[in-house]
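The chain below stands alone and is given as structure tokens, in the form predicted on its own.
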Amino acid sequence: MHWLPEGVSTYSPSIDTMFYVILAVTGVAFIVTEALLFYFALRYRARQGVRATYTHGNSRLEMIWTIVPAVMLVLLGLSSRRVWGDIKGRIPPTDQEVVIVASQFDWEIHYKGADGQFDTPDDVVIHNDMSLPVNKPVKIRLRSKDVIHSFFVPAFRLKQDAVPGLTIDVWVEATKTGTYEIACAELCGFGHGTMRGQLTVLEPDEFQKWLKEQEANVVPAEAPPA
């Protein structure tokens, strides 16, 4: 049984491992805590003819239930920090770069045109339909035109807010070809639920062929009058 969609990025196994470890630790803690709660509620319930007794507590037990969770949280924090650093703290060297501009309620995907630069008239701009090459790291630059959005590809375990006025860089390396969902994970307005797209992972040669076809369809902007 898979609780999560299939992970198809290089870092999805690390995220899934952290998820299951934290779920197991918190799940066991929850079960033990609730079992003790019901046990003590039953064991020390009010009964006819039995007087309540006062107890100050047990210092040793109090130290144990304070220190053990603290140590577990520190270990989980250190493990999470390592995974976070691998994903958020560095971007692998790559010549593949995409700009995504979010707006209500649309994903606007920009690829470099023939001049190899962004924000020029020959940019390839596609709405809600993104393509990437497999087994190659891709740098993604996130922007927003209006409100906070959140770029979320569940199969990649990639989720990052797009904030107005900022350009936020993330990266991903897909490990399997196919078509996957893009969603907005931030409540961004009345049409939030319609802000969906698809992401297609292609073989590198197929991706280059697809990109050339998109470049051929670009209509250059007219130069402003002198």
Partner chain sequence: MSLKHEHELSFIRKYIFSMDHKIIGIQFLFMSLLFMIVGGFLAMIVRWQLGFPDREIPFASHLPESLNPADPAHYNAVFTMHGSIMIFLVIIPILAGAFGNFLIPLLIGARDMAFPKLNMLSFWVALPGGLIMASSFFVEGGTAATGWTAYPPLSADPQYTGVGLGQTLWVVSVLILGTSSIMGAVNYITTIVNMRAPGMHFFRMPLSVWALFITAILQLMATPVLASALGMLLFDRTLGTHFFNPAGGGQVLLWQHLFWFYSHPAVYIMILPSMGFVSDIISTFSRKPIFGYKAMVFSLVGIAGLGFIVWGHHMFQSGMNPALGTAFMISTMVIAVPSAIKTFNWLGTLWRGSIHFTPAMLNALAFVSTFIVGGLSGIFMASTPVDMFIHDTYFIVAHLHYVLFGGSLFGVFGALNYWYPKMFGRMMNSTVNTIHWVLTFTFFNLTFFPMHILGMGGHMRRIYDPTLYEFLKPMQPMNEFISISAFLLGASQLLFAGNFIFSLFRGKRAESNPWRANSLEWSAPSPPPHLNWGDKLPTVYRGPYEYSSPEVAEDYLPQNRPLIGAPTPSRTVPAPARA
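Take the two forms, find the largest set of C-alpha atoms that superpose within 1.5 Å, and that set is the rigid core. Computed from a prediction, not measured in an experiment: that's the story for all the values here. Residue numbers count along the first chain shown, from 1.
Just so it is clear, the following notes concern the form predicted together with the partner chain, a form of the same protein that is not shown.
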*Quick one: find which of 94-102, 131-139, 80-88, 116-124 has residues within 4.5 Å of the partner chain in the predicted complex by heavy atom distance.*
80-88
*asked:* Quick check on G178: any heavy atom within 4.5 Å of the partner chain in the predicted complex?
replied: no
*Are any of the heavy atoms in F19 no more than 4.5 Å from a heavy atom of the partner chain in the predicted complex?*
yes
*Although the partner chain is absent from this view, report whether Q160 comes within 4.5 Å of it in the predicted complex, heavy atoms only.*
yes
*Classify Y111 as contacting or not contacting the partner chain in the predicted complex by the rule of any non-hydrogen atom within 4.5 angstroms, answering yes or no.*
no
*Listed by sequence position, which residues of 165-188 have a non-hydrogen atom within 4.5 angstroms of the partner chain in the predicted complex?*
G165, L166, I168, E181, I182, A183, C184, A185, E186, L187, C188
*asked:* So that I can tell if Y54 moves, could you say whether its C-alpha shifts by at least 2 Å between this form and the one not shown after the core superposition?
replied: yes
_Rigid core fit then E34 CA moved by 2 Å or more between this form and the one not shown_ = yes
